[in-house]
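Next up is one chain by itself, shown in structure tokens, the form predicted alone.
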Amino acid sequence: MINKTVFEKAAKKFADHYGEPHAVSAYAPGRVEVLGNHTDYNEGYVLSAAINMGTFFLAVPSPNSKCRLVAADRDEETTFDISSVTPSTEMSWSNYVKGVFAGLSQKGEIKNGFWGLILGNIPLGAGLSSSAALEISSGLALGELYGIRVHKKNMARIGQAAEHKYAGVKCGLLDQISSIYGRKNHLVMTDFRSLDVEVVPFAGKKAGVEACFLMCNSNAKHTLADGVYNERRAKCEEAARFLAGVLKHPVKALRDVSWEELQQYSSKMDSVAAKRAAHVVGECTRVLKGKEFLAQGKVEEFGKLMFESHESSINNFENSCEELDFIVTESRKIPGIMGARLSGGGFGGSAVILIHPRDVDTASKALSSAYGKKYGHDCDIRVIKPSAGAKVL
């Protein structure tokens, strides 16, 4: 769902700043992770959705080899040359675009620079993947600008490589896949081993379900570039290596381990690695169950899986925080709310709440009031609609 007001504002800012209109533009939505937390880099399963907030990227060719890049919401500009694309320590937001530019340059010839501008409406630090929206919108726009055609999954990989090499986060492909493959009123079901993507009806006549999501931004800012994300990934890989050595079948990643097998050997593993593995193996199981529940119209059963997922984030993966835990605990008490959990990397950011549409207003007021009494400031609550994926405009 493209916000025309934001796009028109971006177009005006571009023309005012550069003295000419943009030549190409693209839009990519953020994402909400509904079930399947930290399973993507463990080659597991995720249910996610593109959301009704996103990022625009506008560009024109530059007359030389210099690139100019403006973050309109920050009033910041950075420059670099196409012959020397290196990460920035001062303007870290630019690293996502630089990484994507470097990835595209390996897919086709780039002879000149660009002038670009970024503007979106995804709350930063809210766990809704503003970074992936920036990567995909810039990738689509610059691909159009330079005539470099890239398959959707390869574009997702270019975005992921930008995170790895330029932003310092060893992320999986969840955020990029969700942004690209989103569909209105559907969830995106991804198998992160095969990268098979399926869209699953979520709400409306086709699904036979009346439900929507609330995004509740704790305003506890999270950053994944400080090592906590990479540490969790390392422990998952450690657990997979151990289990590969004791199980009689091949174990390439935690996706290959059943809950029963993990329980059999968890006491013999490093205790932290065992907890991290319990979260991932449990999440893969919950995603597969959740898909079945949605197909059967059992939305309340789906919601229970979301509550279970958050408990695992608290006890096993330890990637929640006090504010998110409070939101989920309060959600259990409020009529109409069927499920709640943290969404995304964790350590702050947002909770995603499954709710009947008729209860949105009363539940939002109850949650906001409780949060305000506890922390002295409101949490931002918005209705999240599973929306269409990224595209060139």
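Counting begins at 1, following the sequence as shown. Quick caveat: nothing in here was measured; it's all calculated off a predicted structure.
Although not depicted, the form predicted together with alpha-D-galactopyranose (GLA) is the subject of the following passage.
Can you work out whether Leu174 and alpha-D-galactopyranose (GLA) are in contact in the model of the complex, taking contact to mean some heavy atom pair no more than 4.5 Å apart? Although alpha-D-galactopyranose (GLA) is absent here, Leu174 would touch it in the model of the complex, with heavy atoms inside 4.5 Å.
Hey, in the model of the complex, is Gly344 touching alpha-D-galactopyranose (GLA), heavy atoms inside 4.5 Å? Within the cut-off, so yes.
With heavy atoms only and a cut-off of 4.5 Å, decide whether Gly36 touches alpha-D-galactopyranose (GLA) in the model of the complex. Yes, contact at 4.5 Å.
Tyr229 near alpha-D-galactopyranose (GLA) in the model of the complex, any heavy atom under 4.5 Å? Contact with alpha-D-galactopyranose (GLA), yes.
Could you tell me which of 325-333, 358-366, 63-71, 344-352 sits within 4.5 Å of alpha-D-galactopyranose (GLA) in the model of the complex, going by non-hydrogen atoms? Of the options, only 344-352 has residues within 4.5 Å of the partner.
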